[in-house]
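Taking the form predicted on its own, here's one chain by itself in structure tokens.
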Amino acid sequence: MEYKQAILVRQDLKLPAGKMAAQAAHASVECIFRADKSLVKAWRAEGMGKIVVKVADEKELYSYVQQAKDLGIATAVITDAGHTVVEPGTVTCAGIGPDTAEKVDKVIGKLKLA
């Protein structure tokens, strides 16, 4: 079986690449803490595959997060502390999984790569 994790990044914030990379890392790590340990183990054994995809804005991000939750996939929404680029509490990105690639793709399969 194949496993993957997805990171959804908001395009409307137009964050600098380094800032978005840090936010995506937060999303990935937080999801690992929340995911079923057997899924994390299987995902790690396969090389920890991830995909980073674009969402237009906060509303769209939450729509995909809810779809993942409805399928029982671990999620994490990341809000920024506001020390640098955006206001405190701004939702920047979200993580979905790790879980089976089939389940993750049901949620994010139509999104474009970031």
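Heads up: residue numbers just count along the shown sequence, starting at 1. The structure displayed is predicted, hence computed values, not measured ones.
What comes next is about the form predicted together with a further copy of the same chain, which does not appear here.
For residue 32, a non-hydrogen atom is located within 4.5 Å of a further copy of the same chain in the predicted complex, even though that partner is not displayed. At the 4.5 Å threshold, heavy atoms of residue 68 stay clear of a further copy of the same chain in the predicted complex, well away from it. a further copy of the same chain is not shown here, but in the predicted complex it comes within 4.5 Å of a heavy atom of residue 114. Using a 4.5 angstroms limit between non-hydrogen atoms, residue 59 is distant from a further copy of the same chain in the predicted complex.
Residues of 46-69 placing a heavy atom within 4.5 Å of a further copy of the same chain in the predicted complex, in sequence order: 47, 48, 50, 52.
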